[in-house]
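In structure tokens, one chain follows: the form predicted alone.
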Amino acid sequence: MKSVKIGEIVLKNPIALSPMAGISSLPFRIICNGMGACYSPTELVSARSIRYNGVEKSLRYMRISPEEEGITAIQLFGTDPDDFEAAIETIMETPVLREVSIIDINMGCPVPKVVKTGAGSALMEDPDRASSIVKTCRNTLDRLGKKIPVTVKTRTGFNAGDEGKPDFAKVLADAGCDMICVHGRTRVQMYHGESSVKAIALMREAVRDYPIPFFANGDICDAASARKVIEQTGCDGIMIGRAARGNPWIFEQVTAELAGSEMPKYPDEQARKEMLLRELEGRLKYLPEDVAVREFRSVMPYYIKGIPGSSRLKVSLVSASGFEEVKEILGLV
């Protein structure tokens, strides 16, 4: 794939980690970037919460490390443009956050508790508000003298019958968005059924004449599926989501095969267990041990999926309460 620019940021390898709640922790993003992901947005964070509660409550989800990640992106969600303005102002006043490279707006989350507030994918049904949010973010950053791109991640539609929203893509581009990423499912589909490359292609074509990159996301699990999405949508870059859970090696594998290079070997059982511990150790730097292990229970099974005795290991891991206990379960003491 050719390099692309998001604002003034050059992505030499436009293959990114898609933001995922509960998955896109700072340690995991660092790992994925080390494996070749060009950048990795944070989990979604409420702009309203930042506005009224400050950053402390949300810091654990939006923490970034430019030294270890390289290009960084904080993902915000909400429905009130004023919330976004206040959130960005607060982020730019916070030492640990002000060095962020990209502000990403979530307009694709299908989770009911987000949608019922008018945020996430619900914004696809309110293009005027969506436009206002993008413009507000862009204007706020400009006013603060920050040359930070504003990107949007959205879906191919809100309702079951939607087969792409080209007009919505144009609304985002006209509002000043610096990059658009489209997940090939509607809000109704959630994460079920197939991702539609046809619907993504329709939205991509709608903004082809705009000087901004277009990324595609959905059902990309290996080099073959990545090539299919690239060829059938004409996208400039891709985001890999669920296939990366417990498998950060996917970035170096997809990158190598698309480039015609020798495919790196899939990691063996030992390497996968060690990577699980590496991510957990990273989480321990920012969270109390009991909290870090408890929250990591839902992630650990992805690392051991398919290895001999994985079912037995999973039962033990999802009830583990401490780091040493996890090491013992994995046989890495």
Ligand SMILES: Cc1cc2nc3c(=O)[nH]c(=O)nc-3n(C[C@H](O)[C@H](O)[C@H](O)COP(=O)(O)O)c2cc1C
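So that there is no doubt, residue numbering starts at 1 and follows the sequence shown. This is a predicted model, so every value here is computed, not measured.
Keep in mind the form predicted in complex with the ligand is missing from the figure; the text below concerns it.
The partner is absent here; in the predicted bound form, the one residue of 165, 153, 204, 187 having a heavy atom within 4.5 Å of the ligand is 153. Screening 72, 106, 233, 196 for any heavy atom within 4.5 Å of the ligand in the predicted bound form leaves a single hit, 106. For residue 240, a non-hydrogen atom is located within 4.5 Å of the ligand in the predicted bound form, even though that partner is not displayed. Using a 4.5 angstroms threshold between heavy atoms, residue 21 counts as touching the ligand in the predicted bound form. The closest heavy atom approach of residue 43 to the ligand in the predicted bound form falls within 4.5 Å. When contacts are judged by a 4.5 Å heavy atom cut-off, residue 210 does not count as touching the ligand in the predicted bound form. Across the options 217-225, 95-103, 139-147, 123-131, residues that bring heavy atoms within 4.5 Å of the ligand in the predicted bound form belong to 217-225. Shown without its partner, the chain has 183, 185, 191 in segment 180-214 as residues with a non-hydrogen atom within 4.5 angstroms of the ligand in the predicted bound form.
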